[in-house]
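Before any questions on how it binds or moves, here is one chain, the form predicted alone, in structure tokens.
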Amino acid sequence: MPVSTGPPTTYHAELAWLGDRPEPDVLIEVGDEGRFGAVTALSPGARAPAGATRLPGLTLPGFANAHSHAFHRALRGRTQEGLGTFWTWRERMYEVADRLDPDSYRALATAVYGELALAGITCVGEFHYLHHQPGGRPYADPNAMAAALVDAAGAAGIRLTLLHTCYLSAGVDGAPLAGPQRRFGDADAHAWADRVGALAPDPDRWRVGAAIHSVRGVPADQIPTVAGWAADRSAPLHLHLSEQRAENAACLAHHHRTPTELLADLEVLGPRTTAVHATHLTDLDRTLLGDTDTGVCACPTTERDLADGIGPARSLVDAGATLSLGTDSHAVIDMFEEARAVELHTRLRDERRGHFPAAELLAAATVAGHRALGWADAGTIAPGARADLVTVALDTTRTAGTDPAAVVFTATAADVTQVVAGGRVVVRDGHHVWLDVPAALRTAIEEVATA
């Protein structure tokens, strides 16, 4: 991780998001350990102490991107035109996956995580399933690709939860992996567990969680091994759930249950589990997710880019699920857009406005996302929490005249001016402090992308 002299110990935020609303003139102290000290609203007319760094605009807690596939970023602007479905897009994705090695993946992920930092994301959950060499042979270090992601997050200055993904089969019927998919697989879930167990995370910089790719990617008799590994370590467990109608149909045909019903029977659901997408659900599915306090991660910009459909976000939250957000394929990297798209897509679905207030959307992008990734001490501007700050300009062509309480409906990633992650300045004046992110993206993508 690049050396930094560190931020000043005190910030003076013109406006700071405390709890569920913006408060004016807030002093925010940051300790040497990268956590918040006192957070104090100044009395009317009081002056900030000398030496406090002024943060003009609205300062929010750091964003958590709860679902990322870093290498998918190489497809942006290359797959958007033409006819097709998720399944035809997937073939292009496999082409990129087959071209990556640890060095090229490190370069690409560093650039992508730098772009995340510029968007105010201070923690990312990487749903990592690209494990082995082409053909499926392990690298000399069986976790070489995971190590590349850890290095990349450190180089970009953000925290990482490596959601180490078990991926064993090509379909619900247990069909073997073929072609580029062979890079994803292990012999079985026990072999996966042995490999992920060899990782040695740094709890202040990166942590390890588990992921079940999907009910088509992990046979039912292997799923409890992955879930048990996570439960034994109190680690996050994530999984793709009902992203595609075809997956639901295959699961019903093979198991005579929906994917959610199958996971409930296998005792996978619960408060440490996050179901990603959860787009095509029955009423019973929604009840099962809510009753078990299972989290749900929506990725609206990817879901619309891949024509997946619009999930029942409001009814899931009302049932008891906790909502977080992810940028998934990185067709867009903008947590403001992800957050407001939850509301706007629900309007299209229900033909009615007013489903999610701004505070609820920002909570999904901050505190809920961090908790889904195993960082319960982040996502709020409060004493003792990890010192992550995202300052948004309120005088741009997008935000000028905006009620600060509604900035989630107007701002974009381009309005982020300063980012502090773990007490250290990562973005200043809209630029990454040590990475040339556009140049790094261009170079890394040109090496691996298809025409």
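Computed from a predicted structure; not experimentally measured. All residue numbers are counted from 1 along the displayed sequence.
As for the form predicted together with another copy of the chain, it is not shown, yet the points below apply to it.
Asks: Going by heavy atoms within 4.5 Å, which of 339-347, 371-379, 175-183, 132-140 lines up against another copy of the chain in the predicted bound form?
Replies: Result for this chain: 339-347.
Asks: Indicate whether another copy of the chain has at least one heavy atom within 4.5 Å of a heavy atom of Asp188 in the predicted bound form.
Replies: No, no contact at 4.5 Å.
Asks: Is Asp395 one of the residues lying within 4.5 Å of another copy of the chain in the predicted bound form, judged by heavy atom distances?
Replies: Because a heavy atom of Asp395 falls inside 4.5 Å of another copy of the chain in the predicted bound form, the answer is yes.
Asks: Can you tell me if Asp98 lies within 4.5 angstroms of another copy of the chain in the predicted bound form, counting non-hydrogen atoms only?
Replies: So Asp98 does not count as contacting another copy of the chain.
Asks: Contact with another copy of the chain in the predicted bound form for Val437, defined as at least one heavy atom pair within 4.5 Å: yes or no?
Replies: Yes - in the predicted bound form, heavy atoms of Val437 and another copy of the chain come within 4.5 Å of each other.
Asks: Among Leu237, Leu323, Ala146, Leu118, which has at least one heavy atom within 4.5 Å of another copy of the chain in the predicted bound form?
Replies: Selected option: Leu118.
Asks: Another copy of the chain isn't shown here, but in the predicted bound form which of His254, Arg304, Arg286, His213 has a heavy atom within 4.5 Å of it?
Replies: Of the listed residues, the single hit is Arg304.
Asks: Can you tell me which bits of 406-440 touch another copy of the chain in the predicted bound form, meaning any heavy atom within 4.5 Å?
Replies: Residues within 4.5 Å: Ala406, Phe409, Thr410, Ala414, Val437, Pro438.
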